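Consider the single chain below, provided in structure tokens and representing the form predicted alone.
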Amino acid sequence: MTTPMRNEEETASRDAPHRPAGQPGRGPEHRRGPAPVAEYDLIVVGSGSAAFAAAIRAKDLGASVALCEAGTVGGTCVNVGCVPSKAMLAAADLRHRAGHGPFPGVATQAGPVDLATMVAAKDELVDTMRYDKYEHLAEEYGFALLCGRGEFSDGDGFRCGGGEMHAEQYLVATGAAPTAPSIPGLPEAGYLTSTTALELKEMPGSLVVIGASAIGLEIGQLFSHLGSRVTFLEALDRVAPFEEPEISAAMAELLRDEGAEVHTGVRVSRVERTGPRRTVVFAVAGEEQRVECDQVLVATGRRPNTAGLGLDRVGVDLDDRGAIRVDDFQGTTNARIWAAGDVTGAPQFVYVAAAQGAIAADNAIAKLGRTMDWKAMPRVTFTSPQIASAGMTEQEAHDAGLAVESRVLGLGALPRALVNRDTRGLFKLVAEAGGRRLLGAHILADNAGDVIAAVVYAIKNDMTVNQLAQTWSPYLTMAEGLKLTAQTFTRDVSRLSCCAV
């Protein structure tokens, strides 16, 4: 199955890292792990999730390992991606819920936002997790963590920060960086990426988000929930364009209900700046429109970090987007060089990068011939409510030549949602016609990211929707939506009593 690209995270910051209280200073001037030597079994370029997964697996196989990192240790997820964005999303969601309490008799209100304090708390969490989950592990496992920009030299050599070294095998895991479309006036007006948006110290009164896929939706809704007036501009014909159409429609309605403006099928023609204010000029169906704002967030894609690595000197091919071409085993066109994570153009999730890194190490060091299994890969967008999917969309199943049946269940039929007094969202199951083997599930609901784990196991084990309908599901949980949606393949669930099987 072909999995669509997702803009899930951003490249690691090149700024000097923060230091949690009681921990030693860390940054490009420090080395962690054993003292560097000239020869290794494996040299990894990068220090994010793919790099560390590969290093740990290689050490388990008895290999000598060094990581070469040009910036802040830990890569995308812990520094500027998953951890900081989800920490701030959780805080923003709490404030929004406080101002929109649904329960009679319980008065709540949302107070003012101290964004600088929020960002400081986020930075402290990032520092702690970077040390615990990355830097400290270099010492625990005994691999070298070297500071400097990595570059392949002529022949079979490698330089890290100017120092020459050599390895039997190499892994490139340098991630990807935000990229912006060529919009006249955008560079001069100035814009935010999802990295710099999370470093703002003052709340923007208004924000225009260019791009309404995962990153744009998350960061846009974050600022909407904190009190900014947000406008979403999406070039494709719907928000969340890689999700099921029913989820896209429900998400757009939800955002509008929360006070955001949503425009799809947009062509942004230019950005103007007058003093501190920006004006984004765009067209929908040929009609020009303008929206003024304090800040512009660009969330339209990322580019693999391959520049300056000297890959052309060692015969490593890139695709049209600048990503490293890899085979099913994570091998490149150079038999001694492997690649993993966002730099390969793979779906941009931290768990995908880690899985590819471990597979690359197994194949490079132990020649195990392992490959990725994409069959039930989950994906989550951490909006409120969350979007979560696993397996095929209905269109992907049709494109694969499969005859399918699908069912959609609105949250108004789910007791947990009724109890929560929030019925925004839906469940959709896609099944193969005939035997009704579960092919995919797509959810817009609170805690959808937790519920989707059950779908991963179901698809992995070739369960049918009939089996899903007959499997235990605890009452008054969001996960019960899977069972109820599976039951709709054979009956009208509105005519069932509570917990009816």
Ligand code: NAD
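All of these numbers come straight from a predicted model, not from anything done at the bench. In case it trips you up, residue 1 is the first one in the sequence shown, and so on.
Keep in mind that the form predicted together with ligand NAD is not shown, yet the notes after this line are about it.
Screening P245, P184, G301, G205 for any heavy atom within 4.5 Å of ligand NAD in the model of the complex leaves a single hit, G301.
Contact with ligand NAD in the model of the complex, defined as a heavy atom within 4.5 Å, holds for exactly one of I324, I210, A390, V430, namely I210. This chain is displayed without ligand NAD, yet in the model of the complex the stretch 375-383 from 222-230, 407-415, 375-383, 108-116 comes within 4.5 Å of it by heavy atoms.
Though the partner is left out of this view, I215 does reach within 4.5 Å of ligand NAD in the model of the complex, counting heavy atoms only. The closest non-hydrogen atom of V268 lies within 4.5 Å of ligand NAD in the model of the complex.
Contact check for P241: a non-hydrogen atom falls within 4.5 Å of ligand NAD in the model of the complex. For the chain shown alone, V291 is not a contact residue for ligand NAD in the model of the complex, no non-hydrogen atom being within 4.5 angstroms.
Taking ligand NAD as positioned in the model of the complex, the residues of 327-356 that bring a heavy atom within 4.5 Å of it are, in sequence order, Q348, F349.
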